[in-house]
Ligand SMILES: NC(=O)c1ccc[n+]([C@@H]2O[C@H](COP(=O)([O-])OP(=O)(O)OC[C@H]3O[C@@H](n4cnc5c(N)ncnc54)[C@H](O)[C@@H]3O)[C@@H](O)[C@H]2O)c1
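Below you'll find only one chain, the form predicted on its own, shown as structure tokens.
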């Protein structure tokens, strides 16, 4: 009698229930000091609580690597899942869920069949793990960010990488050169977002570029656009301190403060005056409707507004202005094939992400880190948790 072996998919292998139903899983009491080797993590839940949990230390299976996560950045999506419980209709917090997807770490154990990694290797962790099956059009054609069966760590229901010990497929790790720190390795995740935008937007040497929003993604987009030869670059934000930070990061950037109460057309005139004319490309990093309008009215004939930011489900765009000026509007969903490029650019000194980290916390203080990241008054650009 013949038998057929059915290989478990990633969703089953990394099922959150394996953690949530494990007898060692528990939520730590406020103020409780965990053991130094405990596998603690920062979790949020449908009640919009953020707290530390203790969970079992996993054992790597075939093709897997156990990592000591050494650095993790807090992303705006992490804060959004905590405070709002959802992003859109498909990403909803329905149970305790682990945060974090901007991580780098060190190999501590390898599973059966893993030959490319050894204990002590330093790696950046690509958090989106697609199915990689030949039957998947997205994976087969290299656009694996569209894989319908992706496990993206920290996107509900899958637990994230903001933990001490994390289990990851060996194929979705990227080696860090000796001159790239764990901190920089974790920043390769937001850098991958910006690089995907730069690539898909088709930025060329000497293009005049507008960047809307001077948050972390806007700032890594600024660094990427400068490395790609954009000139001039104008960056906008509602907060002067963020524009000042952008100016320190890239002294040649031109800044425009968005004034509450001004119309998008009025703001666009300020932007064009700062640039010395209409711009060819906008990297829209806020997802805010009024900012998209401002970007549209800042473009030259035949320009492009490339939207990286996420916003409300339905928005109104200036349709006839777009049409009469042949302005293209494009969008981005996560990234694909960007991590090796990000690491090369950081290692080669073309992009310096180190100044982006403004606040650092120990893993045991992850809850405090989240509160700093969520409070604009704290002036944080990128909050990192290090272990």
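Positions refer to the first chain, counted from 1. Every value quoted in this text rests on a predicted model; they were computed, and no experiment measured them.
FYI, the form predicted in complex with this ligand isn't displayed, but the following is about it.
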Indicate whether residue 236 is a 4.5 Å heavy atom neighbour of this ligand in the model of the complex.
yes
Even though this ligand is not shown here, does residue 280 get within 4.5 Å of it in the model of the complex, heavy atoms only?
no
Can you tell me whether residue 216 touches this ligand? I mean in the model of the complex, with a 4.5 angstroms heavy atom cut-off.
yes
Would you check, heavy atoms only and a 4.5 Å threshold, whether residue 64 touches this ligand in the model of the complex?
no
Looking at 157, 130, 228, 309, which is the one with a non-hydrogen atom within 4.5 Å of this ligand in the model of the complex?
309
To verify the annotation, which of these, 114, 258, 167, 274, has a non-hydrogen atom within 4.5 Å of this ligand in the model of the complex?
258
If you check in the model of the complex, do 193, 288 and 334 all have a non-hydrogen atom within 4.5 Å of this ligand?
yes
Given the stretches 288-296, 173-181, 133-141, 198-206, which is the single one in contact with this ligand in the model of the complex, using a heavy atom cutoff of 4.5 Å?
288-296
Heavy atom contacts to this ligand in the model of the complex at 4.5 Å, residues of 127-157 in sequence order
none
